[in-house]
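In the form predicted on its own, a lone chain appears below as structure tokens.
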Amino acid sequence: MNVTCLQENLARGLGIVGRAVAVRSTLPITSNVLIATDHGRIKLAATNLDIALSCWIGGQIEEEGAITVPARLLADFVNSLPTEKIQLSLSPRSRQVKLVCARNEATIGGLDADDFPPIPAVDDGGTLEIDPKMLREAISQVVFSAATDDSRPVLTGIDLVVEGDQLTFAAADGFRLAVRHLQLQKKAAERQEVIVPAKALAELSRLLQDQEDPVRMTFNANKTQVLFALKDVELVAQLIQGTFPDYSRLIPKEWGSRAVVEVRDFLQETKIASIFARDGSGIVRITFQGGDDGTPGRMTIAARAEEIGDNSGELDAQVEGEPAKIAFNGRYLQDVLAVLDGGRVALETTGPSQPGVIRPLDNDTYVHVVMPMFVQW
């Protein structure tokens, strides 16, 4: 193998695939990154066996070949080099990669590319095209609600349902539920449902920052893997096997009290209350009631920590129904309010022991349900 590429391109490619490198693994080669020539371009790939990332960069190919080298060592070295051309060469029947950049040289020992875990080809289960901006927004609005412990593996993933021209994302951890609907440009041939690991979608979200072309999402026929194809980058993830809970039953169909407030103000007051809530089991207390004689209603957001102190903040609110009081984990409130793009949001409830529902007024494709915390009022 003998190839030449720009330092900045190689550094960018290593930064992309490096997030899939195994940190601790019984298979040493998964700590390496694959470097290979592929149809006139240089392919970089890494996998931790749960997800695999591949990236293609431009370069001058003098001689075809492939090798794997320690990912962290290579990335650290390349990132420290000047922005010049880098030449990578591998002698026949050798595992030593020689790198030359300006007046710097290095030799790195690698492992045979044939021993690198094969990245499955996912191309036989139907393909959807999704707008990258909408996909990134949808992921950001649900991914934080997925469980982080493995006691119920299906809850560590995000449920994806394709039906007609709609794609639905749902995540739940037993304390909260986030559901987001996306409109597809083309109708799907059949209904499909899979559970994608939340970690894989979080990685995908990072890759979508500068993406403009539609993202192609493909499942394999056995529903064991999913491929997300971007421009010059591909992510393959192992799907989670199991049945996601029927979350539609958890979304209340009606409410007894409803308060509409500005998202920005609601988030700010929740952050303030959470300072006191840190020493009070994270509990943030919310009360709201309508105004008198045409005056605006008001919402009060408060927290207290025994023997330390308390605080209370007030917002103007458009209130419908009965006066209400309910308590939530302050971090859960901050998580959902932080991913809403301004505007106004409605908080709906039927009582202090019933779930609270948060709906952005300018977006009927998203709903968030939070379980209350039981407190002495």
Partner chain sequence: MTDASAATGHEASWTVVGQHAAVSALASAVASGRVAHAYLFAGPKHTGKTLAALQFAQALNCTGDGPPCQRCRQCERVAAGGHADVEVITVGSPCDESEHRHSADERDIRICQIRRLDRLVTRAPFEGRCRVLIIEPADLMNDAAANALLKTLEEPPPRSVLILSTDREELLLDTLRSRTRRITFTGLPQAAIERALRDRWDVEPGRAAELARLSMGRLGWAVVALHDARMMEEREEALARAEELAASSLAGRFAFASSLGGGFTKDRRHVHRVLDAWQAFWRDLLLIASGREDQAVHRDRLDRLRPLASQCTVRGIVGALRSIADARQQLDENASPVLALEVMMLALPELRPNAVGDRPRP
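These figures come from a predicted structure and were not determined experimentally. Numbering follows the first chain given and starts at 1.
The next section is about a form of this same protein that is not shown, the form predicted in complex with the partner chain.
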Hey, in the predicted complex, is residue 197 touching the partner chain, heavy atoms inside 4.5 Å?
yes
Even though the partner isn't displayed, in the predicted complex is residue 47 close enough to the partner chain, meaning a heavy atom within 4.5 Å?
yes
Does residue 276 reach the partner chain in the predicted complex, with heavy atoms at most 4.5 Å apart?
no
Do residue 224 and the partner chain come within 4.5 Å of each other in the predicted complex, heavy atoms counted?
yes
Please tell me whether the candidate spot formed by 262, 311 and 365 is one where all three residues come within 4.5 Å of the partner chain in the predicted complex (heavy atoms).
no
Going by heavy atoms within 4.5 Å, which of 68-76, 249-257, 116-124, 204-212 lines up against the partner chain in the predicted complex?
116-124
Please tell me which of 99, 267, 128, 240 lies within 4.5 Å of the partner chain in the predicted complex, judged by heavy atoms.
240
Exactly one of 174, 153, 245, 290 has a non-hydrogen atom within 4.5 Å of the partner chain in the predicted complex; which residue is it?
153
Partner contacts for 1-34, taking the partner chain in the predicted complex and a 4.5 Å heavy atom cut-off:
24, 25, 26, 27
